[in-house]
Structure formats: structure tokens, C-alpha cells
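Just the one chain here, laid out as C-alpha cells, in the form predicted on its own.
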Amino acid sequence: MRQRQTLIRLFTEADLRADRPVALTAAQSHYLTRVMRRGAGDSLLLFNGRDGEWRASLASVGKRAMAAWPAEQTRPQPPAAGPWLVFGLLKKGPSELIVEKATELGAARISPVRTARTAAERVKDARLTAHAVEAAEQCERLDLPRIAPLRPLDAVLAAWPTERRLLVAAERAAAPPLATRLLREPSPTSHPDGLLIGPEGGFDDWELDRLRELPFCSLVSLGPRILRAETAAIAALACWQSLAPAGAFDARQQVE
């Protein structure tokens, strides 16, 4: 029995409508034809974060360029309902890992911040976005998280919407487990929680004191062990996703 070929998923900025061609980028055309050995007439899936997911057919438009012709919508676009992740900026590799895994785990917004103990000074927004795109294509997500520019933690806190709770992962602090907080006080689906993860070395004492004073902040624990910052971000998001209110994440709806 011949095994069914897995359809490649690609993100596009273009609008998706039936029989309206979508021009693929040079990198996408190269990936499809040279790496994945796809050609005219082969099927793929497209999504743009607005119009759901569409099954499309490839077509050649020149020697190396490809276009895709959407034929039918396979999944409608759900509302964005994931948590916001705020994390103390790390070095390039760990920060990219956080963006990749946060995308897979449903974060709606990702905000790198400078804290008292942040060692890294710069971030390449385009590179972080590229990691988010690749992760969304792989994990069958229908949108991309919004990646905010690097800002000081104080600036993010000053602009924080007070109706959205911010759960602060505080190592060595007397705080209830994150799971307990989520079970006892689930967040509304209209504005899911924010999760704040500190940098390598954690928050400074004065930062924790400031966070305790903010009415929208709640300190939580991620367990008895001291986690690396990137591990803490992944663990917090995985916990939130597993305990999210019913309906916070859409079930896959496939048009046969």
C-alpha cells in the first residue's frame, strides 16, 4: 500500500482566496523544488494568520519561480488565544530556542526584555521571526506569535494591560506552583495570562519587590529545582497549555 505523501506547509503574507495565485518567494521556490523535489501539480498547504489554512497546487512561473493556486480551505482561522510570554533576553541560541518552542506551545505574543541581570544586549528581530515561521509551519499552527522589540522590563510593565494577569516565575521565592494558580484561578479566554521568565541568574531582589507591588502580577513556582531560563520558559508554557481553559486552543478541523 502506497504511503500518503505529507503535505508541506508554508507561511505567506499574501491573502488566501480560491483560485487567486500566490507568488512564492525565491527561498520557498528553492526549498520546494531543490530540497523537497516538488513540482508543478503537487499539493501543499498555505496559511497567513488571517484566512485559515488552504490546500493549493504548485505551478511554475519561469525557470526557477513557483506560484501556488489555493483551491479549498482546509481549516478556518481561530481567534488568537494563547498566553503572552515575556522573557529576559538570553544569548542568541537560547533566545531562538525560546521563540521556536513558544510558537509551538501557542504563545500569542513574545516579548524579550532587559532586566538587571540580562547579559545579552542585542536581538535580531528578523531572525527570531524566521524561527517562529519555521516552527508554525512544522507544528500546524495557523498564525504567528507577535514578536515585540527588545525593551526594558520597566517599559513593558508600564504598558501592561492591567486586566491581563502576569504570572512571574520566581526561583527560590515563596510562591504557589504555577499549576495550582492556573487550576484555582483560570484566566478568561478573552485575555489569557502573561508569563514572565527571568534571565540567567534570575531576577534581582529589587525587581521581585517591584513585581510583588504590581496588582496584576502574581509570583509562581516552577518546581523545586533551579531551571535554566530557556527550560523555565518552555516548562511554564507547557503547563499553561495543558491547563488552559476549554476552548483556549482550537481543535484541528480538517476538511476531507
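Residue positions are given as counts along the sequence shown, with the first one as 1. All figures in this text were calculated on a predicted structure; none of them were measured in a lab.
The form predicted together with a small molecule is left out here; the points below concern that form.
221 is the sole member of 33, 48, 218, 221 with a non-hydrogen atom lying within 4.5 angstroms of the small molecule in the model of the complex. Heavy atoms of residue 202 reach within 4.5 Å of the small molecule in the model of the complex, making it an interface residue.
At a distance threshold of 4.5 angstroms between non-hydrogen atoms, residue 197 is in contact with the small molecule in the model of the complex. In the model of the complex, the small molecule lies within 4.5 Å of some heavy atom of residue 172. In the model of the complex, residue 229 approaches the small molecule with a heavy atom inside 4.5 Å. With the small molecule omitted here, the record of contacts in the model of the complex names 221-229 of 25-33, 64-72, 184-192, 221-229, defined by a heavy atom within 4.5 Å.
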